[in-house]
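Below you will find one chain, with nothing else, as structure tokens; this is the form predicted alone, and questions on how it binds or moves follow later.
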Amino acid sequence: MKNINLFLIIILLSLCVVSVSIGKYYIHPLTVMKIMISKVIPIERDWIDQMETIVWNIRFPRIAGAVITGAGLSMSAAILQSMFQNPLVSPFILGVSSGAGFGACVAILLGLDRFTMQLFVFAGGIIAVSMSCLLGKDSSGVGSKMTMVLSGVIVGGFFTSLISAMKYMADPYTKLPEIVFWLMGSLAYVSNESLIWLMPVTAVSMAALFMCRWKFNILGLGEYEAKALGENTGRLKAAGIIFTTMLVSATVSMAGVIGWVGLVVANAARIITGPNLVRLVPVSALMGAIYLLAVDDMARNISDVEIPLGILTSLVGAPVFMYILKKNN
């Protein structure tokens, strides 16, 4: 398993260097590495200032945003799938993304700053996942796998309708284009400032989920079995939902609503590692980072006009997920 993680880390680092190099203004990978190393070790400059500006102020924030978003969505999906014992569960399916998207739309409509927008995004995600959990419970307080999925679909549809209402009320010349483009998902506006601002939320959420991943394995045994082992399942579920919602909300406020990432990557990683979250979570995070970074490279290079990430992840994710379902019966 350590070899798999090391292999994925090497691929991710290599892809990061390639991603910084490619674009409308090509920079040789060796030059990119020199520019990065120069921040740590003084070396002779054989590049122009324009290259350094492109690397650090334009491409580096975008690549870091893609890595954080892909890893966060995939890690969250792996945790949620184990918690609810359902491989179809993801932040997108449970309605977290739609709720967070609604919160962001309200913030955009009101013209709020980035910090307040993050609070709205987080509140929308918490409300959405809470509604999904409440609707998914039966009379005994334990929901079935299918009920949880259907509840997420209902809640997601509800918040999607609210988003449509926000778009209808938005000014068609100023606010509406911003909302529409943001909902399709893009990393074009990620900056070093936004990364610094969101880093505490993402770092704390990822660290908490990573360190507690072995505990979430207990929830995968089932509600009654986890209680028999002495675990406070309610508190453990609440912690998992809060941290995954914080993580997803942070990625939504940074990159918009991007579907199919967590659902596809977490299931693909499970084929490699099995259901044990101790192995699954780090592999899902690394695979998610690689996947979204590769998709973002496609989005900004295959056409003269940048393609929104949400379109590509859906076009790539849906067939891949159908293949996974067919292969695993």
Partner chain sequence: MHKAIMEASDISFFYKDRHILKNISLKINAAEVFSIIGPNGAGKTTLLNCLLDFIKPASGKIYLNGKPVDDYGRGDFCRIVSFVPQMHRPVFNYTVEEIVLMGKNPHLREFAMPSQKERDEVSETLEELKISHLKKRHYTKISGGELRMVLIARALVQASRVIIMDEPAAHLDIKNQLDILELIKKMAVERKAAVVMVVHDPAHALLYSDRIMLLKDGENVASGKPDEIVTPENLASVYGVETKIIEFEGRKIVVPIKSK
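Fair warning: this is a prediction, and the values are worked out from it, not measured in the lab. Numbering follows the first chain given and starts at 1.
Beyond what is shown, the protein has a form predicted together with the partner chain; the following relates to that form.
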query	finding
Heavy atom within 4.5 Å of the partner chain in the predicted bound form - the one residue of Thr147, Ser130, Thr160, Asn217 that qualifies	Asn217
One residue of Leu221, Leu119, Met199, Leu112 in contact with the partner chain, assessed in the predicted bound form (non-hydrogen atom, 4.5 angstroms)	Leu221
Stretch in contact in the predicted bound form with the partner chain, which is absent here, among 95-103, 120-128, 81-89, 185-193 (heavy atoms within 4.5 Å)	81-89
Exercise: Val278 in contact with the partner chain in the predicted bound form, heavy atom 4.5 Å	yes
Lys167: touches the partner chain in the predicted bound form, heavy atom cutoff 4.5 angstroms	no
The partner chain contact at Pro172 in the predicted bound form, heavy atom, 4.5 Å	no
Non-hydrogen atom contact Glu178 with the partner chain in the predicted bound form at 4.5 angstroms	no
